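Single chain ahead, written as structure tokens, the form predicted alone.
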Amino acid sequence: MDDVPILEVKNLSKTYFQGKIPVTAVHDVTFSISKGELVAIMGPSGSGKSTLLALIGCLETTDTGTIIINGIDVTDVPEKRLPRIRREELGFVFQHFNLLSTLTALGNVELAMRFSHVPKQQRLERAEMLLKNLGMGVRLHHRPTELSGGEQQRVSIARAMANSPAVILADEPTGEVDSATRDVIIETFKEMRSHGQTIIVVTHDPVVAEHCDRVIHIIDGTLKK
């Protein structure tokens, strides 16, 4: 683990409106994460943890505050640059996998590199390597409907790693799998961390959290001290 922050969040706030009623989802949140950390974000439902992840992932705009990812202040760049930042600096792992049903495992991972203009043969070789490293070598040409939940999540993780992002953001990645698959996913994240990958996991699962380097607790939109 490196002491250099790969992610800095400073005085971050986000308010939504339900009709005319303001609802503060995140309030004055500040923290940093070093390169190679595996960090859990935990909190009860409605605490703001998913909103926080969406803000870090440039999927939502901030009201106030700063987010710096790998030296880039993503709160101060033109909106047209955000897709490239999401593609090159961030990898996403979702609870419901979000795989394209018409593509094979190999195709889903390869597609993530297509928009970064990686040559086709290089895309296929890297996608195959990532999937084999996750124990999916015999399932390369299976579509999502032919894969178990755990296998789909491993494809999702391989896709997140495809462009060698600075940070991987995982939103409840073990929420749809059994305990044995959860353990495989935890070990996968720990292996990725050992190679310097930074991973932020939103989770309700204390078993996942206990394998992380530290836990950030959020309650009612603010960090628990």
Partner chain sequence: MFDIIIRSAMQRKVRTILTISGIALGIFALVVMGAMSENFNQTFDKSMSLTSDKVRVFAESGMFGAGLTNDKVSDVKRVPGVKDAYGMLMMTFDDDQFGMSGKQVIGVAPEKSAKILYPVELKSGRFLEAGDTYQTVIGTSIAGEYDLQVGSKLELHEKNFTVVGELEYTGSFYDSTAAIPLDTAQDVYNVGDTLSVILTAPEDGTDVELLAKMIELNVKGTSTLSPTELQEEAGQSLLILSVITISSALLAAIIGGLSVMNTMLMSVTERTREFGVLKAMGAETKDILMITLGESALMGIVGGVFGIGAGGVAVYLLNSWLETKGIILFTITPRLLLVAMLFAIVIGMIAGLYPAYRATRMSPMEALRHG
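Numbering follows the first chain given and starts at 1. Since this is a predicted model, take the numbers as computed values, not measurements.
Same protein, other form: the form predicted together with the partner chain, not shown, and the subject of what follows.
Residues F31, S148 and H217 are none of them found to lie within 4.5 Å of the partner chain in the predicted bound form, as judged by heavy atom distances. Exactly one listed residue, out of V167, A54, V184, V177, brings a non-hydrogen atom to within 4.5 Å of the partner chain in the predicted bound form: A54.
Heavy atoms of A112 reach within 4.5 Å of the partner chain in the predicted bound form, making it an interface residue.
With a 4.5 Å cutoff on heavy atoms, E60 counts as touching the partner chain in the predicted bound form. At a distance threshold of 4.5 angstroms between non-hydrogen atoms, H141 is out of contact with the partner chain in the predicted bound form.
With a 4.5 Å cutoff on heavy atoms, N98 counts as touching the partner chain in the predicted bound form. Contacts between stretch 71 to 99 and the partner chain, counted in the predicted bound form as any heavy atom lying within 4.5 Å, involve K80, P83, R84, R86, R87, F92, F94, H96, N98, listed in sequence order.
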